[in-house]
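Both blocks below hold the same protein chain, though in two forms, and each is given as structure tokens: structure 1 and structure 2.
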Structure 1
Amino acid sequence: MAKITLDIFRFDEATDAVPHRDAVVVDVPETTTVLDALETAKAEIDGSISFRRSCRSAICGSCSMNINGITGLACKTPCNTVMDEKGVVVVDPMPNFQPMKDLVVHMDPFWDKYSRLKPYLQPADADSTHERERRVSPEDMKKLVDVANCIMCATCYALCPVVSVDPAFAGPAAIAYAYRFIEDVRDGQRKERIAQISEDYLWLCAHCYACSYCPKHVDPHDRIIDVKRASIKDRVLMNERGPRHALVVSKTIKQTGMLAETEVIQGTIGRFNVRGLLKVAPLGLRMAAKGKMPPPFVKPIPKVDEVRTIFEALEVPVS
């Protein structure tokens, strides 16, 4: 047995103007999960400590919280893997959410992003006119199983730095779930779904891999790239900045072997989008004043024809 101090964020939106912290000491084996330590504290010391939980085995997705600065499932985190030398475990509600009571947060923005997806199959024809069951080959199903493991715990959403400054971004879990329908051969709304998720800022993912800490190995980041590729393949909303950026990067690498910064900026914003270009102009001028402008034209690397051979062999889109 060990004495573990839970340093808990306390707040009740119904009565408190500001949060405070309580330190609660429990006597439990060090390998106890953070969730079980909280349960002990609630049962033996202070019944008002609030947190969500149900399965206690990483299945229901209720118990994600910030544990010593790291967001994850409390039921999957043994105390001895996170506590400091003094046996202190600091617990806070998930970041990127409004706290409601102690470790319980308002999940609404997270669920809203899902409802916008219409998260159910929408086949092209009605079941009543479809004579047999809708079959899916094992290969087609394989693409979906990882995403189907998502338990909607919102850990990835809480970790996402883009969500933290722009709540309009769909966030990792919802985009991964959009993929689950976009790549489902039974669904008939592929293009509409790609358009919807693009409008919820698919292309605003910053490629940061913070969502790689998903406790169920959904790897939302990789599915986000899959959805972007699907959008380019199906040519959905091609005039938005995201696809334009990806394609102009691809084009400059094919032409020069390098990422030509100047051309990429113009190609992404649009050469004739005066207003957009003026927006980036102040930074451009500040850089120019310091002699820090990328060259207007990039000289191709030696043997650039080899790069072009690679692009052609793989039929890489450049526009």
Structure 2
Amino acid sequence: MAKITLDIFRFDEATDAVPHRDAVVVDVPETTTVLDALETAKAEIDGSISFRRSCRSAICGSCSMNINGITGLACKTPCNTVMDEKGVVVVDPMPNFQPMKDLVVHMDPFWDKYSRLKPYLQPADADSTHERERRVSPEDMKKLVDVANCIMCATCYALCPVVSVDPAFAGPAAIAYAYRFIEDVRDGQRKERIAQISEDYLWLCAHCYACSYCPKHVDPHDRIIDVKRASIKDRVLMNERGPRHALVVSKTIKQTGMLAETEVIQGTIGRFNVRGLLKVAPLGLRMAAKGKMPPPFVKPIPKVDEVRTIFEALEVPVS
């Protein structure tokens, strides 16, 4: 047994103007999980401590919280892997959410973005036209298995820096689940789903890989890339800056082996979009004043053929 100090974020939106912290000492084995330590604190010391939990088996996703600065499932996190040398475990609510009471947060923004996707099958034909259930081949199911493991714990949403600066962004979990239906051969709303998630700022993803810290190894970031590829393949909302940016970046690197920044700016904004180009002109002037202006033309690198071979092997779509 060991004495573990839980440094807990405390706040009740019904009564408190500002949050505070409480240090609660529990006598538990070092190998106990953070969730079990919180359960002990609530049962034996302070019954007002509030947090969500249910299965205690990393299945329900309810107990996601910030533990020593990293968001994850409390039921899956042993205390001895996160406590400091003094036996302290710092516990906070998930970032990117408004605290409701202690470690409980308002989940409405997360669920609203998820529900906008209509997360259920919408077949193109009626069930009555099928003699048996709708069959899916093992090969088609392989694409959906990882995403189906998502337990909607919102860990990826809490870790996403894009959500923190632009709450309009759909978030990793919603985009990953959009992929689950986009690639389901039984669904008949592929283009409509791609258009919906694109309108929910799919292309704002900064590819920082923060969402790869997923307790169920869904890796939403890879699914975000897949949805972007599907958007380009199906040519959905191709006049938006996001798809144009992706295509011009791929095109310049394939042609020269380097990123032609001048070409990327023009291709993303639009060569004939005078108003848009004028908006970025001050940035170009500041770069020129600092001697950082990219060259107008980029010559291919000596081994550009090797770069092109990589593109061809990956079948990267470039217009």
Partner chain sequence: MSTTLLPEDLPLDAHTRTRSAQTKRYGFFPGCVAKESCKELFNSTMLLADKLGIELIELTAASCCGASVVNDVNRDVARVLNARTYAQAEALGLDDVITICSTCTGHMRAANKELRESEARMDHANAILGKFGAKYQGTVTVRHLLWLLIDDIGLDNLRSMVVHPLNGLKVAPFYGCHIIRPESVNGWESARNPHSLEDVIEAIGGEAVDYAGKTRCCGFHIQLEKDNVATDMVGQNMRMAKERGAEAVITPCPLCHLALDGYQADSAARWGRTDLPTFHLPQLVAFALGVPPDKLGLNKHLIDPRDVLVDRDLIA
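For numbering, take structure 1's sequence and count from 1. Because the structure is predicted, anything quoted here is derived from the model rather than measured. The term rigid core refers to the maximal set of C-alpha atoms that superpose within 1.5 Å between the two forms.
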**Request:** Could you point me to the form predicted alone, 1 or 2?
**Result:** 2
**Asked** Superposing on the rigid core, does the Cα of residue 305 end up 2 Å or more away between the two structures?
**Response** yes
**Message:** My question is whether residue 130 is one of the residues whose C-alpha shifts by 2 Å or more between the two structures, given a fit on the rigid core.
**Reply:** yes
